[in-house]
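Below you'll find only one chain, the form predicted alone, shown as structure tokens.
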Amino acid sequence: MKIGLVQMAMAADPDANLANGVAKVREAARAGAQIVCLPELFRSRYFAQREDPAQFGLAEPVPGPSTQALAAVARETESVVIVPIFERRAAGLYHNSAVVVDADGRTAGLYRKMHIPDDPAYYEKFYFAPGDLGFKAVDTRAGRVGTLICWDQWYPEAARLTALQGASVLFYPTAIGWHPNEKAKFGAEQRDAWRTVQRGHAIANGVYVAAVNRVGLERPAEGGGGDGIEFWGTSFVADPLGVVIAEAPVDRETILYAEVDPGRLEEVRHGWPFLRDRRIDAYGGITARFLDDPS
């Protein structure tokens, strides 16, 4: 199975971003990609750099403009498309979501981001309710896959619960980068930690991991303050032993391709049977916020 990750730079115009996404999905499908994934919130620049109620106007329902346009492309190209959106569920209720569109244009699955950050220039709790659909894997014409989103990347529980449902690939649409004034001091270690934790998910679960990021410096809208975020690209695919088999550049748009081999999952899991040796009888504490009993 060939997958394509669309690493994009976002324009100010949502319609231009949708058109760019559509064109790149077509290009990836022409190159043989059976599953194509777009970056998190690809229809707009990253608006959560500040709290601004006007940005709720960017949200759209499911189905809506993005899913309808890309469903048509999925049918046309007979490819599976992962469409991240700013989902308007109801007035005052919004999610950071990803729709899996199957190769016939039908919606195969909807995932709502479960872990919502609230950090400087990542004020997502203002915009998004936490997901309420749980972690899930969905069947598509190209195989069974799972979709998580950005901040979910740091949580082994999310990867594990998705892999336990039979996903062979975990897709992570992403919007992550450096604060420009921190890049020189912390940039290398921040990006390395991001890559390392996701490679760990691949190893611990014996699955492929595919992370797709945006690129470019995006500053808040006029009056927003701050230096912006320099999105670090570096979209990559890791195999079930955590080997990075494809990686995009840090600073430009590209479509990253990788071959996903189900036989590789079998091979790795035969030698590293982590799922077999899990002590499911001993993990009850994982549902506690923190185990602070001094005894």
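On a predicted model such as this, the values are computed, not experimentally measured, just so you know. When you see a residue number, it is the position in the sequence shown, counting from 1.
Omitted from view is the form predicted in complex with another copy of the chain, to which the following refers.
When another copy of the chain is considered in the predicted bound form, only one residue from Ala108, Ile203, Ala121, Ala103 comes within 4.5 Å through any heavy atom, namely Ile203. For the three marked residues, Asp52, Arg89 and Tyr127, no heavy atom of any sits within 4.5 Å of another copy of the chain in the predicted bound form.
Of the heavy atoms in Val215, none are within 4.5 Å of another copy of the chain in the predicted bound form.
Contact between Gln165 and another copy of the chain in the predicted bound form is found at the 4.5 Å heavy atom cutoff. Although the partner is absent from this view, Ala193 contacts another copy of the chain in the predicted bound form, with a non-hydrogen atom inside 4.5 angstroms. Contact annotation for Leu241: at least one heavy atom lies within 4.5 Å of another copy of the chain in the predicted bound form. Taking another copy of the chain as positioned in the predicted bound form, the residues of 107-124 that bring a heavy atom within 4.5 Å of it are, in sequence order, Met114, His115, Ile116, Pro117, Asp118, Asp119.
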